[in-house]
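Taking the form predicted on its own, here's one chain by itself in C-alpha cells.
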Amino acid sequence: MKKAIQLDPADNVATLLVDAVKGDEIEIISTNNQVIDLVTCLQAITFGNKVALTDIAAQQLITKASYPVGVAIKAIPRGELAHVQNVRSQRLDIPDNIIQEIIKQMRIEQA
C-alpha cells in the first residue's frame, strides 16, 4: 500500500512517500508509523508533495508539521494535490510565470 506521512495530528496535509496516480488509495501514517487514515488520490501526486487530508476552504491555512506553509487560493478537496496551482506561500511571492512553469514541468492536472 502506498503511504503518506502526517507530521502533526493538526496538519491538513500529508507528504507522499511514493508517487501516486489518480484513484490510488494512500495510507496516511503518523510519525509513529501507525496507519491513521486512508485517502483516495484525486489526481497524480509525486513523491514528496502534499495531499489534502480534509476539504480545505479557500483562504484556509495549509499546515504541515504544525506550521503554516501557505494559504489555499481556492477550495482543495480531500485527496487533491496541495501545491502551487491551489496554494500560495505567505512568505514568498512566486511570479505567475514561474508558477505556470512548475505546473507544466510537474504535469499537474488542474480542475
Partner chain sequence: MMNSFIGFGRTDGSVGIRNHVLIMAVDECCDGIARAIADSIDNGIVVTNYNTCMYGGNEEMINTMIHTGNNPNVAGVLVLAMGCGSIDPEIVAAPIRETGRPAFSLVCMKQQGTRATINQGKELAQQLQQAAQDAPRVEKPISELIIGVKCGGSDTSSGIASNPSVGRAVDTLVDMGATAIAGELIELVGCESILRQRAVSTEVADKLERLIHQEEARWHVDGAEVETMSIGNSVGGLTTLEEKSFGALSKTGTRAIQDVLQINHLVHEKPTTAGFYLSEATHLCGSAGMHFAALGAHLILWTTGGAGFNNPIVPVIRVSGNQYLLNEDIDIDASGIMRAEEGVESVAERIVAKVSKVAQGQQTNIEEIGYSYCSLYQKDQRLETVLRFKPGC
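All figures in this text were calculated on a predicted structure; none of them were measured in a lab. Residue numbers count along the first chain shown, from 1.
The same protein also exists as the form predicted in complex with its partner chain; that form is not shown, yet it is the one meant from here on.
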property	result
Its partner chain contact in the predicted complex: residue 79, any heavy atom under 4.5 Å	no
Interface membership of residue 49, its partner chain in the predicted complex, 4.5 Å heavy atom rule	yes
Contact test in the predicted complex: residue 101 vs its partner chain, heavy atoms, 4.5 Å	yes
Partner proximity in the predicted complex: residue 40 to its partner chain, non-hydrogen atom cutoff 4.5 Å	no
17, 84 and 105 all contacting its partner chain in the predicted complex, non-hydrogen atom within 4.5 Å	yes
Sequence-ordered residues of 64-98 touching its partner chain in the predicted complex, heavy atom within 4.5 Å	64, 67, 68, 69, 70, 82, 83, 84, 87, 88, 89, 90, 91, 92, 94, 95, 97, 98
